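The form predicted alone is given below as one chain in structure tokens.
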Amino acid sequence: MPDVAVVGSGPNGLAAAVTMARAGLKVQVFEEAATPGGGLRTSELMQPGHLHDICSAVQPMALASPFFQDFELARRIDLITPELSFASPLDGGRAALAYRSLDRTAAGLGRDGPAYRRLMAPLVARAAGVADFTLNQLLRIPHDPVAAVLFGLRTLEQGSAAWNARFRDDLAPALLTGVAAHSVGALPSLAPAGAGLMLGTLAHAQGWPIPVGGSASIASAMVRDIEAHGGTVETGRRIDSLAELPAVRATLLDIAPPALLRLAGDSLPAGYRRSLASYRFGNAACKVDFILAGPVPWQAAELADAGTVHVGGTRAEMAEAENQVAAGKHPDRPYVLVSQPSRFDDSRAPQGRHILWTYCHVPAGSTVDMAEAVTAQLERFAPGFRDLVVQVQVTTAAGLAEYNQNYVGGDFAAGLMDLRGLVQRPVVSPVPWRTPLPGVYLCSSSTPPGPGVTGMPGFHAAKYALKDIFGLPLPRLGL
């Protein structure tokens, strides 16, 4: 019999399993889908030889996450880190470009370059402290209080009506808004501002890596490590009740609160059930995958070197699109996240072909196909894009929810990312990963620090399970 059961094999479930198996415990992972990975799957969606990431494609937090640092991910898989981390095109063939070099970035932002440098330089200098503060639970004393204060003050600025106070032109604001809008929510507001500053800090401190072969390579490395330490990963196995699991001493659940209610039922105390039932989910995404007959013909030629492009125009235009989604509408000119991994990794498509990964934000539960709106935005900044399209596949918000039960309504963040959602995830507690059930821990992105491929929710849950149940210290995770 195993010592530990893990339900769900997303990055957090796998991180929990790695940690427990490394501690010398017998671990069994149960995954409903045919392959492990959750948001880390890569597949031939449309045609053989064209590898598309199903969810996440670029991994800004893979090098900054304390879990993946200890796991030595960069020694286990090949990562390509473009010098140009992200960019935002503007009309007229202009573009705001965020290089790994902060000085080079500032030099390209015109008269707002010094202001951008003053905003970002203190955070980049304390990037480790920023990562510690943002990739752990907020209800704790940060290891670098100065970094936390600097980060907090800049978040207050960029998350309020003062967000344009230090800028005079449109390039720097567009650059900051493009990265802030990763967090689905009205603009300006605190959670998107914080997410944008954190991601921007990582872009300049270390870059945004792209896994060779797709994001599934991360999941594969974790599965190999689990199996090398005696664990097993069982796919095609749906769990409908905690009673279906073997009689283990610890259970770690990489699932959203509604699924915990379903699995545990009346065994949970009434107050905790109410907290789970009131947990709030945010708006969603519509994902549009393309096969192209050539690279995207960006009007601003520099964009070809960007690992990620935030398509939406000016700060005001992107904010308008995100605020329409917050109001329950589908924008005609959506904010679109774009990555062309085949530009950097030729294993992703046959010679002469390219894959393009895109998504835009939509209201929760949307069944609207946004392919035409996304295509129009790309054509706006890359004239001739339509002529290169070979095939398109659309996954609506409702389709995302069907694909992964943690994405309720198509919310890939597994919970609303506002100020309350950062603290109450899913409950306000010094140890929110513990549930009231003895030996049962929640370790999905619905727990701190929230969404992103960090492995940290799983790592935290495993840390407490090792301490509470087994009296064991954290094991060494590296090679």
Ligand SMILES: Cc1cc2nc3c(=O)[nH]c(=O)nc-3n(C[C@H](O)[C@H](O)[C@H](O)COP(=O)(O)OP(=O)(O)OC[C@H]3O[C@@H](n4cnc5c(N)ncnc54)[C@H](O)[C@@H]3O)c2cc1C
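Don't overthink the numbering: it's just position in the shown sequence, from 1. All values derive from a computational prediction rather than experimental measurement.
Heads up, the form predicted together with the ligand isn't pictured, but that's what we're talking about next.
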property	result
4.5 angstroms heavy atom contact with the ligand in the predicted complex for Arg224	no
Residue contact check: Gln299 to the ligand in the predicted complex, 4.5 Å heavy atom	no
Thr435 within 4.5 Å of the ligand in the predicted complex, heavy atoms	no
Thr42, heavy atom within 4.5 angstroms of the ligand in the predicted complex	no
Which of 346-354, 396-404, 374-382, 148-156 lines the interface with the ligand in the predicted complex (heavy atom within 4.5 Å)	396-404
Single option in Met417, Ile54, Ala64, Val440 placed near the ligand in the predicted complex, where near means a heavy atom within 4.5 Å	Ile54
Members of 3-31 lying within 4.5 angstroms of the ligand, judged by heavy atom, in the predicted complex	Val7, Gly8, Ser9, Gly10, Pro11, Asn12, Gly13, Phe30, Glu31
